[in-house]
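Quick setup: one chain, the form predicted on its own, written in structure tokens, and binding and motion questions come after.
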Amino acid sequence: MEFAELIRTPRVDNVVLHRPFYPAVEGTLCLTGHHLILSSRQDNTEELWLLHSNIDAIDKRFVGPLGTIIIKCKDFRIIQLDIPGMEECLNIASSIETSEWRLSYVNKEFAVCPSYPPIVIVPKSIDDEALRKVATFRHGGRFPVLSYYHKKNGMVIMRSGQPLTGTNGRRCKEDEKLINATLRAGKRGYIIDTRSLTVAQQARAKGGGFEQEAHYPQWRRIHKSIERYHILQESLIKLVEACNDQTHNMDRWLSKLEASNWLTHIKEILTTACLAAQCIDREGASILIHGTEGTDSTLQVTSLAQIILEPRSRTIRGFEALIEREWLQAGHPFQQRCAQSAYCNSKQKWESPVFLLFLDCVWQILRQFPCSFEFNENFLIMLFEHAYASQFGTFLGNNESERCKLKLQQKTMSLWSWVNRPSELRKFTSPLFEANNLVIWPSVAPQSLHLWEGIFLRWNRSSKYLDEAYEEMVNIIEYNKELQAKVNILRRQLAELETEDGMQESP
């Protein structure tokens, strides 16, 4: 989550700037991730460049459709901006208010949490010393951090590891303060625990646990059971075995497919992601998501919720940023989870197709909303392949700390540098894409979920006819674009002729 992503309205025209010793200036106001800029076309007018970090406080007032923001700076300046439009004024004010969030470097050199990146976003009211205390209260030091900010209403998704309450009901005042700092006045929040209540209660005997409602009265806890570890690995093994069954017996095939429970896992994950998105968008409530470690099912849910809520996550660059932020930087242990796939006989404790399940869930949504995604199925298949075996360094290691120790940035190339070349991008771009700025709500009904043939059946049967159909679809779309362009030209020519005829007829 970058600060630039918190900006609701990046540009507003016809803004009037008032500041000491200067005449009022009308110009265009632009917001970047670090500056507030006002530039004018008037001659001899100096631009205003104001760092967000220099803003100490802001006031807002409205007179009819005109909004005014008064910015009080740390160097004692007071600047006034008159902004046309109430919504634009509110969005600008919300974007530059620095009281809510800050960048924390508490994990520099990975001293507090080995699976977190060096820089995280946390509530500004919580200092680094409090974060250190919270880290001792959360599994693996994974204290709650910002995962996603919903521009529409300012609600947020936080993620963390489980609280270490134990059987004695241990509590941490700093943890309670941190979580409550994410709530707006008069608002309640939801804690989505990706374990069943029974599993969460059993975790207390091992020193883990869950948030006690008596200590978090403004939060409602919801348990949504998502399986992990060997259960998912066994499910993958059974599914691949079913797909390789050549007996062609329908009952046998359907029985094996059902016994794998793969689509059941897909349904559980998507249902939880939809619940998280519903809390944010429809109920206007912020949420905290965690399971045990906060590195597996937690990341599946936070990522899928963003794909549902955030249109940018459905673009190629946006999805790459999502993978980087919510999986690589967030500490999903790729090396452990993807060490072996479905054929290896040796059973390792940490292997689990967590990332593959996430990609399968994305494919299910893409299949239901094919026009809302800039990337195609091949893009997801490519990511699956490189997660398990890659000549690039992107998916190596278990977290950012390990990748830094191995100096992968210096010794290897990034997968994204290859994917983002124009020649490669063409392979992964969907011809059906039409930008959709709305929230999309996937169906999780059993009839809506399908086996991902592009992954599980691609080596069992030829895709020749599907490939030919896809090529034909691309040709039809391109031909339609050409025809549309010709129609537009003819319309302009017709409009010009009608204008000429009107001029000739007038006396």
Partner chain sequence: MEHIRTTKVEQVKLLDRFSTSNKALTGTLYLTATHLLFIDSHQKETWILHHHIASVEKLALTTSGCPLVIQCKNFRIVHFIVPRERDCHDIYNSLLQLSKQAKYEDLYAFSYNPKQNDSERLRGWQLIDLAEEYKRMGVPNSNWQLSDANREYKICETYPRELYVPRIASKPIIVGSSKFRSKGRFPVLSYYHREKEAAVCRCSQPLSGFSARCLEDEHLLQAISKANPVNRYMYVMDTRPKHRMQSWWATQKDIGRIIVRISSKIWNDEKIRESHEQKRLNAMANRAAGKGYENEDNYSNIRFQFVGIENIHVMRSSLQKLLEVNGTKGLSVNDFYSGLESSGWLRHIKAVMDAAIFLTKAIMIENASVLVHCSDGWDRTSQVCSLGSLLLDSFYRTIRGFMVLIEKDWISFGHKFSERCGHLDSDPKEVSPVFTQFLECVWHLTEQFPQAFEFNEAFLLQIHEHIYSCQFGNFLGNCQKEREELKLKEKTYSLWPFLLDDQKKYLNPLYSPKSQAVAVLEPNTVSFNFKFWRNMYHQFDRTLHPRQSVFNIIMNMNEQNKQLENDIKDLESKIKQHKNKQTDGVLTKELLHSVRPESPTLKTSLCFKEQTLLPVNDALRTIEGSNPADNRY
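Positions refer to the first chain, counted from 1. Predicted model, so just to flag it, every value in this text is computed and none were measured.
The same protein has a further form, the form predicted in complex with its partner chain, not shown here; the description that follows concerns it.
- The candidate stretches are 381-389, 140-148, 271-279, 285-293, and the one lying within 4.5 Å of its partner chain in the predicted bound form by heavy atoms is 271-279.
- Between its partner chain and the residues R325, R228, K224, K238, the one pair within 4.5 Å by heavy atoms in the predicted bound form involves K224.
- Within 4.5 Å of its partner chain in the predicted bound form, a heavy atom is found for none of T28, C30 and I191.
- In the predicted bound form, its partner chain lies within 4.5 Å of some heavy atom of S443.
- At a distance threshold of 4.5 angstroms between non-hydrogen atoms, N480 is in contact with its partner chain in the predicted bound form.
- The closest heavy atom approach of I55 to its partner chain in the predicted bound form falls outside 4.5 Å.
- Using a 4.5 angstroms threshold between heavy atoms, L263 counts as touching its partner chain in the predicted bound form.
- For the stretch 459-478, the set of residues having any non-hydrogen atom within 4.5 angstroms of its partner chain in the predicted bound form comprises N460, R461, Y465, L466, E468, A469, E472, M473, I476, I477, in sequence order.
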